[in-house]
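Just the one chain here, laid out as structure tokens, in the form predicted alone.
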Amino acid sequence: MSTASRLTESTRRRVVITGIGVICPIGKSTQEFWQNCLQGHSTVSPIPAHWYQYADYKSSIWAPLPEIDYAARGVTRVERLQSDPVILLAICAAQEAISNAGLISSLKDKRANTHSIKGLDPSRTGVFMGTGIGGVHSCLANHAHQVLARGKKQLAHISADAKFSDEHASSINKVLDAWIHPLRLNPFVVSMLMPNAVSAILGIKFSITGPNTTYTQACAAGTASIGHAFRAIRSGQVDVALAGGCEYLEDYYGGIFRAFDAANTLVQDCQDATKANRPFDEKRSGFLYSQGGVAVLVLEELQDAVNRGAPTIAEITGYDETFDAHSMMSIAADGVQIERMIRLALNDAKIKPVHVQYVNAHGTGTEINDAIECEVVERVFGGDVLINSTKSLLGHTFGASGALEAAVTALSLERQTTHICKNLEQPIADLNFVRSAASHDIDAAISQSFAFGGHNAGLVLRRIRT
């Protein structure tokens, strides 16, 4: 069908999820991730010991990513040298999503390690990815080289030549040893640190020439990227999209972690670290900082997916977003714009609140956010709708969180099962929180995100109805 004829059709084409790729603290694949969700597994570890050389912290735990063998996943040495970890995560998750969608990716240029996707019109395929910061790891590492390399060498010479006592020389060398930086400036650092590299590299990697957009609405970035991909397919702009969110927030000196810690947003220590992260619980103390994560979804027009025999996981039926215009650091206490976002998304999906059985909440574990979110959910849906927090298992993956939560919501609809809202012992409200992994009859669900700056975004998903 020609582009012109497609664009004259109804603007409400149906959009389905046909593939999901995931890497996060509790899984290196979608299947491992989902199984660990159902088992209530979470990864909580002490922060890197060397961070204490540079600062003191109120929070001492985080959710690290598992080790990823990028070479085994087909990522070349050149790609690893020229890409920030956030980009590598996106490549691997996209490869899994494409494969799980039943699409075939074949090598196009061996030297560049680029591929093409069989059967897709690259000009009718888009990339819509979200990230909070993008390549901040590469930015900080190369900045450390720029600031420290020459001075460290000069001080080392002074220390060697000067007549210091052994004790003083040892103290100076200890300080110099703590000034870690790469051996050289990476000449590709500009392309590594740009947030748009997350989307651009997927377009290059898979020879996709349709719209290529990066969304940077902080913790709502993943949700927004999927929402805009959904709109692009529904309106006829494209037929297929890679959409999701990714983040990688580790730096050698622990500076990003410290920034959140100084803002009093992170979970506080308790005797049992595995119980410290507790969204919607009376004893919640903040969110669990995650090293990063990624989820990439393949979205397609329903009939095209059916025609090629693709798996259909769930349908996206609505999306909307609002802005608080209140504060860079906190959501508005009245929750008015969050409520408006939810009602707009439901209206876009042409359903009423009573038709929604499941809410995958933003659920960070911070005192104010959780309380406001509960009030809004109760105002919109009443007290019977199932409420869950995937962050109770993963911690907060920032720009990846909305995409990971959309993936969980889609899998919950497909398999009619929800994971536990972990460590919820004393709920802050008399609502229907998910207290165990169990089967439920779920026809419609919403996955919602709120972000620093005041961005609110929500996706309405439904069980596949042919």
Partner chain sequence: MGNPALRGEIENRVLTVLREILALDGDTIGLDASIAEDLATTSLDRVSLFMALEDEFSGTLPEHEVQQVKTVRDIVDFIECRLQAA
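The structure displayed is predicted, hence computed values, not measured ones. Positions refer to the first chain, counted from 1.
Although it is not shown, the form predicted in complex with its partner chain is what the next lines describe.
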Check: Which of these residues, His355, Arg150, Lys118, Arg184, gets a heavy atom within 4.5 Å of its partner chain in the predicted bound form?
Finding: Arg184
Next item on the list: Could you spot which one of Leu81, Ile158, Ile104, Ala263 gets a heavy atom to within 4.5 Å of its partner chain in the predicted bound form?
Entry: Leu81
Margin query: Looking at 385-393, 125-133, 107-115, 288-296, which stretch has residues with any non-hydrogen atom within 4.5 Å of its partner chain in the predicted bound form?
Written below: 107-115
Note to self: Test of understanding: in the predicted bound form, would Phe188 fall inside 4.5 Å of its partner chain by heavy atoms?
What the structure shows: yes
Next item on the list: Give a yes/no on whether Arg77 approaches its partner chain to within 4.5 Å in the predicted bound form, heavy atoms considered.
Entry: yes
Notebook entry, point to check: Since the partner is left out here, which residues of 260-294 would have a heavy atom within 4.5 Å of its partner chain in the predicted bound form?
Noted result: none
